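The chain below stands alone, shown as structure tokens; this is the form predicted on its own.
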């Protein structure tokens, strides 16, 4: 039986999602708990991997399990029994990871390949002095930023483009064409801003580079026309710096 899982995690204490030798990862923790709980080896697949320090509000994954092994833990595959399963697994997981929902999926369902849209948020704030509360989940920018310039320029990312200029060097991905459905700036009354990106997929460090570029726009160093040219020229050196992962969170996955 294939089970679909919606889950959430705080990434600050993990070296990213994907299993790596010698370091703590989200996937590693989940697989260990599931394998111990069901007393069998479990491989857990997510819709995509997140980098070191990146969190997720509603990530999607799946795992396969034999019917008899599952039914040794729950009475049947009803919604009520799966709710109980979520509670029991969360009791075993570290506090930084939580299962939100478990359900039976079709055998051809795949968390990664079925993902149609992903929504990411990046939080940041501009202040001469650091604000400790914000710095738990947002990037501190010491420069004054022109919010209206960012609000206008971020629209240049919308559409289907080759995002080579916004991909970290060393990436092994050959096809760097991605479609961005939404790119907008959201203001919060508390004093920080959020940059929202909705797309069919994202390259390695793509969002963090786009945010770094938007900061340069906010400082008056780049314009909306410059963003268009950077995309067309496919030159990484023309884009902004790769900002910290502290403000990045995967909001949701549509599949």
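Positions refer to the first chain, counted from 1. Keep in mind it's a predicted model, so treat the numbers as computed, not measured.
Just so it is clear, the following notes concern the form predicted in complex with another copy of the chain, a form of the same protein that is not shown.
Going by heavy atoms within 4.5 Å, which of 109-117, 127-135, 144-152, 167-175 lines up against another copy of the chain in the predicted complex? One stretch meets the cut-off, namely 127-135.
Check 46, 157 and 254: does every one of them have a heavy atom within 4.5 Å of another copy of the chain in the predicted complex? Looking in the predicted complex, the three residues 46, 157 and 254 all stay beyond 4.5 Å of another copy of the chain (heavy atoms).
Position in contact with another copy of the chain when the complex is considered in the predicted complex, options 104, 73, 161, 98, heavy atoms within 4.5 Å: Spelling it out, the residue with a heavy atom inside the cut-off is 98.
Contact with another copy of the chain in the predicted complex for residue 202, defined as at least one heavy atom pair within 4.5 Å: yes or no? Contact with another copy of the chain, no.
Partner contact for residue 121 in the predicted complex: another copy of the chain, 4.5 angstroms, heavy atom: Within the cut-off, so yes.
Proximity of residue 5 to another copy of the chain in the predicted complex, heavy atoms at 4.5 Å: Residue-level check for residue 5: no, no contact with another copy of the chain.
Is there any non-hydrogen atom of residue 63 lying within 4.5 Å of another copy of the chain in the predicted complex? Heavy-atom contact with another copy of the chain at 4.5 Å: absent for residue 63.
What residues in 164-196 sit within 4.5 Å of another copy of the chain in the predicted complex, counting heavy atoms only? Residues within 4.5 Å: 184, 186, 188, 189, 190, 192, 194, 196.
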